[in-house]
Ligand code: LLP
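Okay, so here's just one chain, in structure tokens, the form predicted alone.
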């Protein structure tokens, strides 16, 4: 047995994850199939906790909202960054305490804000309009809500523009030059307790200079906000640390590198100001991306303009390559150590030209019935899935130490009806 990519191994020409043969999993549970390695999730979270021993780690639930993953992270002491009432509900159900949840989002509904008030979670306020709505709701409920303002720090990390969230042109946050006046206003409003400050500059960041830049800007704001009498209990620096989806990206920074980029600045500034707010980080992709693979069975091999390999998973299950032109390693799971022979383009069954998982990959000879594994599919994979083209979503399996457990059952065509109903005239 030898390692193919960190925690993935090959034995007898088969791809192994968590001590389990992926080909056997495909036979037992069918394809398409998501498979997550529990030990890898815990290991990645532990790396962040070790790198930031004095900080709270709030898992970014949007990356992968699987209840099993939320539950295992809750048991490890994680908090949660949530972006909807649905994510809030799931985080609480998984056992994450409300005191360690931040309700984030640029366009929260009044219903969601009322839920935040009723439950008593911290809210990252994204606009003055939202601030006033939250104040009215809290006052009506006779409660006080702890808030942070989400700052738009105008930092441009080297990442895909669709996942760069700290640019001046981004829809997220309050421009940094307007933040101090926002805190002044918040301090005068009933039902509002301004006690934190928050930013998030993007996702899949593979350098640390942008984190350093953001920290300098945020700590300058911390000083200004402190000077007007705001007692900050926490500074949430978000996250965004990426993973190496392909080899030519070079070695990716680690949580320790992330800590080295921001913690010294944070400690120096807070000590100078005589304050002791809690530092919060919001890793998502780093925690779950490399923990999971997507298995798909080959339906057809067609020689046309390219050697097309048609599989039974489409972008309804993994939209990242279509949306971001992102790269995922492709491995022929039942021929994992066989020599590469031909160049293939792996495509799905969706009625869209962009339904392509992997372009021009040199792989072993592929035949109908082979199993293709798409690696590093744990972040923004199932969480962004759909039933497009009338395709029920697949099952999810959790593996650990050679054992596999189903954590989400496969949908069937009856699930396509969902909550749909017909008016009487169409009966």
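Please read all numbers here as calculations on a predicted model, not as lab measurements. Positions refer to the first chain, counted from 1.
In what follows, reference is made to the form predicted together with the named molecule, a form of this protein that is not presented.
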Quiz item: Honest question, do 83, 283 and 384 all end up within 4.5 Å of the named molecule in the predicted complex by heavy atom distance?
Solution: yes
Exercise. Tell me, please, which stretch of 303 to 311, 226 to 234, 174 to 182, 317 to 325 lies within 4.5 angstroms of the named molecule in the predicted complex when heavy atoms are compared?
Key: 317 to 325
Quiz item: So which of 335, 200, 122, 108 gets a non-hydrogen atom within 4.5 Å of the named molecule in the predicted complex?
Solution: 200
Quiz prompt | Proximity to the named molecule in the predicted complex, single hit among 393, 400, 62, 361 (heavy atom within 4.5 Å) | solution = 62
Quiz item: Hey, in the predicted complex, is residue 152 touching the named molecule, heavy atoms inside 4.5 Å?
Solution: no
Quiz item: Could you tell me if residue 45 has a non-hydrogen atom within 4.5 Å of the named molecule in the predicted complex?
Solution: no
Quiz item: Hey, in the predicted complex, is residue 292 touching the named molecule, heavy atoms inside 4.5 Å?
Solution: no
Quiz item: Is residue 204 close enough to touch the named molecule in the predicted complex, meaning at least one heavy atom pair within 4.5 Å?
Solution: yes
Quiz prompt | Partner contacts in the predicted complex for 89 to 114 (non-hydrogen atom within 4.5 angstroms of the named molecule) | solution = 104
